[in-house]
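Coming up is one lone chain in structure tokens, specifically the form predicted alone.
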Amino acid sequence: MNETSSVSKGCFVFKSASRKRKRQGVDGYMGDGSDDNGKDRFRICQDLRETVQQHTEVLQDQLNKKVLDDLVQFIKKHELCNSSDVRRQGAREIPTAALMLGVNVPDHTMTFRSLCNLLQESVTPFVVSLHAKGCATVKFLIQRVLEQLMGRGMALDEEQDDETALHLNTQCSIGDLCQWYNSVKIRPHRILERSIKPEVKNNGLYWSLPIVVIFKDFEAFNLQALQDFILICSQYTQELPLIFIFGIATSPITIQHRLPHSVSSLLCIEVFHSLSCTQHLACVFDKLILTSKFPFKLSSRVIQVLIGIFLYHDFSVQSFVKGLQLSMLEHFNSQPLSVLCCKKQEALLRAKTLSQKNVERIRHLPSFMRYVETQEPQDQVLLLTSDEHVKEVCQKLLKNLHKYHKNYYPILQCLYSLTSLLPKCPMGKHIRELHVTCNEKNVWEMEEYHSAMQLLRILAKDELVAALRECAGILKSANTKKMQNVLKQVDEFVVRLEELDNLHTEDLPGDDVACSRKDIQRRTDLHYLQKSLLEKESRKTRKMSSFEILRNEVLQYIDELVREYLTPAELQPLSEVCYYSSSGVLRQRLNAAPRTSIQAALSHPFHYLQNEALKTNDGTVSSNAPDLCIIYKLHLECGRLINLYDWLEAFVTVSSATEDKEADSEEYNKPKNLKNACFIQAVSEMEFLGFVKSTKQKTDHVARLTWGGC
């Protein structure tokens, strides 16, 4: 490490993690005692967060299954110790898998954890996972390999625990690894009993198990250390069945750029590609948000905030899920009625036993107030005066809200499957964007929707049938009576369209000729579609064919479904119970501004410490403030260069000033050594925070790095 240039010289102590704060309340609920359902909200929120995390891990494993299985097959194929011919030939190439994971670095941890578990269960227990942070030199790199391999041996072989530990601390070389690996082959029953398949045990090929070394962040490794490690390992290919896995976030060309030809030629490289982060996000979005299984929902603005952070920051699906979980915490903490945000039966039971305070909260919900305005006068009186009547109506509205979600998502997916057929259609680009549009306003009132419906009216029969079949597959998973009726109608449309096969192409005038199979290439051109639409408008007087009539009937039915089921969620009564809409709070939580927070803490310590003695007027410095706050406020009055002596004198003057003590008092004239020490420590902290730095222009000055206050 480079030497640190500092104003002061001293020892830096790194304390261990502080003890967790004592939780208040019951079951970890951090709330006040006046809340009558705080414990229930905390439990529901905790269950939802755990469910979301479990579903995310399962989805991640399913999406990575193919590439992980390919890696397992690659390693099994290159088990060098199974083939004695390779040893006799003296091959020095090391099998290497370049795993392309993408720039979503926070998601790589889960992928590598799944890979390590899969390799240890099905291939070999000798799996080493290296991080660039602890491998600055080749010595440290080899030491990490020995620690993970021989350390595993120590954990399972208790006879030579002390001797192996001493050996590991004093020597770090590949030769030691060879000796250890040979000793494992002699006594395999102690270490490998749990990991070896029965057929391998019977053949006595314990030593055929390879040693897999995973470089998690290949781009971050020290070049010289990595090159030396590869060169050393290439000399031991006949003794050690080594296999490398490079975790790459950018491009396979990175290997050639970082490793010279003399080193890369020693690697037998095969590239493996994982799914992109956008595909991962689309799957997570479909399974966690576009589903009625989870009662917690996000408003359109909150979704836009999370998607914006994903696209413009780190492309991390894990960060997106953490944002979703943070939204849950904010919603259940700020909305007392979120106790009804649970499964249908539990929500109905809770609605029966609502407290009087929660009934009043329901009456003040904007969606419930709109609902009251649509009722008859006598019902309005009951809703405003009778608590029992409100509870009964609340149960009915909760049932309707659950039905709305079960009907909304299938119709949304059907609309997306139709619009995705259209070239350059904004509504068919991403289903999440279509979902946001439907939640913001009535989608059928938008110009993009009318344009999409006009383009759908010139679809070919084959494309229309394929889209309807896809819609039928979506509707089969819906378990409501209305969706089953829609499914029957869609199946009927498919049958009627298939019965038109006996019509010839020459019998289909106008658009049908243009949509024949010979013009599939042209049909995907947006300009051609617009031209066909204009020609259709100019020939309104001609008689429509049977296919055109049926196609218009299908699209008319689709339009009716959209108008009935894709209404904005905020128009549904009691939508505030399960929808989180505080996008500003979420943006403030996720888009952290550390510089602003630090400046606010140093300028106004009362904001965080809540000490009445720290309250001051604007522009003044309190003598009761911490030394760092005094130093910070004094440095704001200086220019680009700050004289340390003048700074010290001002600090001593401010920190010693009191209202009820005179200048000649004993406490005022206490030893200056203590003041000097406090000043040096505070200046060092200012330098650590990045507000000042040492300068060679004047030895008794420091340079200021920031301008302006908070």
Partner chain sequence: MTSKRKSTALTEAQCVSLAQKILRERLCQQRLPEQPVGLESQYRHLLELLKRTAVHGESNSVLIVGPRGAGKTMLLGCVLRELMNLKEVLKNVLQVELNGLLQTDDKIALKEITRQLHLENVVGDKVFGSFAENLAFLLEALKSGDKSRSRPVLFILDEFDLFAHHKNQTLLYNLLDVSQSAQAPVAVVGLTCRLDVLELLEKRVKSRFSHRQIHLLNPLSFTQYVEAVGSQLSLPQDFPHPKFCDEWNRSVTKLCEDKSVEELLRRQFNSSKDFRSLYMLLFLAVIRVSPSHSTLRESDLLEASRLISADSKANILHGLSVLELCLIIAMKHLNDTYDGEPFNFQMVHNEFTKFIQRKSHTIHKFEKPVVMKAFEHLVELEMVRAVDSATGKVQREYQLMRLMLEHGQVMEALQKYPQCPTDVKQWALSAFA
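Positions refer to the first chain, counted from 1. These numbers were taken from a predicted model, which means no experiment stands behind them.
Below, we turn to the form predicted together with the partner chain, even though it does not appear here.
- Checked against the partner chain in the predicted bound form, the candidates 262, 477, 345, 610 yield a single residue with a heavy atom inside 4.5 Å, and that residue is 262.
- Of the residues 386, 256, 451, 442, just one reaches the partner chain in the predicted bound form with a heavy atom at 4.5 Å or closer; this is 256.
- When contacts are judged by a 4.5 Å heavy atom cut-off, residue 227 counts as touching the partner chain in the predicted bound form.
- Shown alone here, residue 223 lies within 4.5 Å of the partner chain in the predicted bound form, counting heavy atoms only.
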